[in-house]
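This document opens with one chain alone, in structure tokens, the form predicted alone.
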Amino acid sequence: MSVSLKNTLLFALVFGLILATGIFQSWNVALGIFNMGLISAIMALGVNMQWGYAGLFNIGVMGFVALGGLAAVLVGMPPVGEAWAAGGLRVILGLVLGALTIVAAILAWARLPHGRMRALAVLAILVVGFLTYRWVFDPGVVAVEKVNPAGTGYLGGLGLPVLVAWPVGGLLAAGAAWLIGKTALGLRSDYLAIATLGIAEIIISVLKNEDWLSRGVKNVVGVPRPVPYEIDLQKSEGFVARMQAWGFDPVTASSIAVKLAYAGFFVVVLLALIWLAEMALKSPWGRMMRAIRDNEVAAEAMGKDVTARHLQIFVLGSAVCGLAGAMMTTLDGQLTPGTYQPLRFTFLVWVMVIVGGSGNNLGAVLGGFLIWFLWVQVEPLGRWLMDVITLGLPDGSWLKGHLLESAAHMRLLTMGLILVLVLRFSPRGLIPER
């Protein structure tokens, strides 16, 4: 069997499973899986750039995804006028003072002569700057969070079209990745993994606790969307008449139409990213990145700046993850910092890349769709399977109760089983790198 035929059959199988879900379950469920599969594929592309191109072990994926989600709030949500009047300018001034303190400390450390005086000067700048920052910042935060805390209690955003937030999410994640990379990319791979995980947890902790920024665990709801609301379609006489003429329920049809509109946006983004990633991988730059990945010592001996190239690909991959995070928050219509868990956004994305085939963009996309489909469908299928297995057992039996309760753990069991099988029989993934 040729490689192209095999790849086509694998994609046909995955999309066939999604179509079967629509036929036998619900088209709403199938389209929901398809849309999140598109976003998962974009996340997998970002991780594949870092690991498959350059061998960077980043397990802080959820931090960059969360920054993308924050961008959707900061760009798309309308500003809260009362909060800005109460303490918005004081908050911004405090942040500026904090940034200036860090810059001043860095400049002092770089320009002053070595010795005890340099250390004391830097310490003095940090202490005075920190106290000034807190003196300005804290009262502003308290004032902002007192403004209707049940409904707002934060500054809001810029009120721009939410599609603008998607590239902004990528830029925000890229900026954070640059700061992280400048300090962490010199570490060995296992230390880099620990560092990225810790920094991701810091980002999530900030989103959970800084109510003035993202309402913390109270969540931001009502994030604008680039497609119509279902209720608006149901109120449209033309849409309702057209659906009834075609024999569709207008309520169900409105939900399907919205999901199809989202799918159109997501497909365009995914295809553009695949094209760009493929062009980059086949270019001299892509060959250089793979040479660095395979043998850093030899690449450095040939005059390649390994650290700079690692920073470059780390920023690019993180930007793609941030873009996916902004898209996901737009799809959900809300920012919920408490849901950014390592199991969902780090472990799962890594399984997608490994199963699909690291180093191969099409493999990462295939893994994104396949693993997300299984993640959604395995638990209900597991419950059905346990019902069938325990059909002949009497009610109240300890074995029946144990088997039915174990259905809730089918997701984790299935992910582990798939990972073991793929690593055993196709260690380079379903679509391996050529």
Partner chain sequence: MDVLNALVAFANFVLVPATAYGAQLALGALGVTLIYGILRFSNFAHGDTMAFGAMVTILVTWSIPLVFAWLQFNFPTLLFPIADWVLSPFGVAGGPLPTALLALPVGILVTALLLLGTDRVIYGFYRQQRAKPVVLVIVSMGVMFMMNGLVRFVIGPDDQRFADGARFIVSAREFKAMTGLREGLAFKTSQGITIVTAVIVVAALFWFLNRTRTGKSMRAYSDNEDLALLSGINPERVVAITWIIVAALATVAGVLYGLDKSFKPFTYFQLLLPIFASAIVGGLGSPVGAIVGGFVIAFSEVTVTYAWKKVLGYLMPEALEPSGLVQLLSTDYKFAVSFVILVIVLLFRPTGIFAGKTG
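In this text, rigid core is short for the largest set of C-alphas that superpose within 1.5 Å between two forms. Positions refer to the first chain, counted from 1. The shown structure was predicted, so the numbers you read here are calculated from the model rather than taken from an experiment.
Separately, the form predicted together with its partner chain exists; it is not shown, and the next lines address it.
Residue heavy atoms within 4.5 Å of its partner chain in the predicted complex occur in exactly one stretch of 71 to 79, 95 to 103, 191 to 199, 236 to 244, and that stretch is 191 to 199.
When its partner chain is considered in the predicted complex, residue 205 lines it closely, a heavy atom lying within 4.5 Å.
Under a 4.5 angstroms non-hydrogen atom cutoff, its partner chain in the predicted complex has residue 341 among its neighbouring residues.
Although the partner is absent here, residue 187 is a contact residue: one of its heavy atoms lies within 4.5 angstroms of its partner chain in the predicted complex. Contact between residue 397 and its partner chain in the predicted complex is not found at the 4.5 Å heavy atom cutoff.
Residues 406, 413 and 420 are all found to lie within 4.5 Å of its partner chain in the predicted complex, as judged by heavy atom distances. A heavy atom within 4.5 Å of its partner chain in the predicted complex is found for one listed residue only; from 109, 248, 178, 135, this is 109. Of the residues given (351, 121, 86, 141), 351 alone sits with a heavy atom within 4.5 Å of its partner chain in the predicted complex. Scanning 45 to 66 for heavy atoms within 4.5 Å of its partner chain in the predicted complex gives 51, 57, 59 in sequence order. When the rigid core is held fixed, the Cα atom of residue 288 travels less than 2 angstroms between this form and the one not shown. After superposition on the rigid core, displacement of the C-alpha of residue 122 between this form and the one not shown amounts to 2 Å or more.
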